[in-house]
Ligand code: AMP
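Quick heads-up: it's one chain on its own, the form predicted alone, in structure tokens.
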Amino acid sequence: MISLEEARRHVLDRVARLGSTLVPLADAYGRVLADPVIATEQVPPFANTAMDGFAVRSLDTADAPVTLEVVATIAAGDPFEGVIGPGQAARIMTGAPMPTGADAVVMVERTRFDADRLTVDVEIAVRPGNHVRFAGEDVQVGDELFAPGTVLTAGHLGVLASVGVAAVSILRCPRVGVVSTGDELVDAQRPLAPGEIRDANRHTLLALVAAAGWEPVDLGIAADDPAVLRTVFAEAVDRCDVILSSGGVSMGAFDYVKVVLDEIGDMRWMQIAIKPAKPFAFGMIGDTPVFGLPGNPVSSMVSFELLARTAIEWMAGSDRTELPLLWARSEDSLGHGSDGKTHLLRVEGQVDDHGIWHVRRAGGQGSHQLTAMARANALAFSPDGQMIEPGDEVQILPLR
């Protein structure tokens, strides 16, 4: 058996970033930048007021209270072409361009405007720059706004729009194909014949792919037939950036997945010192990564979380290569005897008022017992031979 860390390193050393594509800004939310974005405009594009009030020469307010002549009213989007001279002011609205001659704004609450006489009483003295947003204060031409690898949020898109960016170069969203293998598998639409089971793995994996923000590709159920499997994998390589296959990775006499993938790909078949998800395969068909996940439904999901998710995230632009592990306080006995494996226990957890996770078993821990996995919101790592009692700390992987 090999360690989980060795298996993860093997996978991460072999996957590569996806290519880039240009998309409109409206389609870029949640995507990963492929290239840096350099500002070609400054923000703000001109000096403007941050407040409703009066644009003044700060020198004229030094002996406040003072009365100034109001020579203009300036609204946002309506520049004043004149000049504010000594003893003058302009009524100004938030966002409006600062008029020539004025160097400060007095907020309206500290003034009294006389509309009949077109004068304003200014109650306070202000310094130059008071309530003024200066041109280029936020962004200068030539600034690198965002680096490659940035996941674009609503805030990022707002900044890009503010400098006139209409489209961005992003890493392609991974197209992840999911296939279940096995003669015993059927879809949910018909009654079961003797010996048949319903295919749960494909549905869970497709859902995990979609929830991660990637593009799921349903490759269906493939029978234990070498010709069928060759066709399925050949078509998957043409359609997908990544292939997730469940079943056929152990040592059974009818595990034709191994036979076919060894023929058409460069695979490594592993036994990892974990339970569940001990059997695992990874390799490449050409440039397409193939993850061979176990057939048991819990094992398939655990294998995805521990080995596939981080690698696909890396392909899509993430720089994180470690599992996002946390420490929690156990409310159950989670330890086990020595069997050479780290056990991944399905647990339900909640965070207390101090930010500390508390976890307990989510139900049955068999690799076929998917109901507990559905209840769980974390996997607890129970090291080989280490007894974890109530109140002890345990390392967990929150499930997303």
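Residues carry their position along the shown sequence, with the first being 1. No experiment lies behind these values; they were computed from the predicted model shown.
Omitted from view is the form predicted in complex with the named molecule, to which the following refers.
Of the candidate stretches 291-299, 137-145, 211-219, 105-113, only 291-299 has residues whose heavy atoms lie within 4.5 Å of the named molecule in the predicted complex. Interface residue among 198, 190, 127, 117, judged by heavy atoms within 4.5 Å of the named molecule in the predicted complex: 198. This chain is drawn without the named molecule; in the predicted complex, the residue among 250, 94, 318, 169 with a heavy atom within 4.5 Å of it is 250.
Contact check for residue 310: no non-hydrogen atom falls within 4.5 Å of the named molecule in the predicted complex. When the named molecule is considered in the predicted complex, residue 185 lines it closely, a heavy atom lying within 4.5 Å. Under a 4.5 angstroms non-hydrogen atom cutoff, the named molecule in the predicted complex has residue 246 among its neighbouring residues. Using a 4.5 Å cutoff between non-hydrogen atoms, residue 303 does not count as a contact of the named molecule in the predicted complex. Of all the residues from 333-369, none has a non-hydrogen atom no more than 4.5 Å from the named molecule in the predicted complex.
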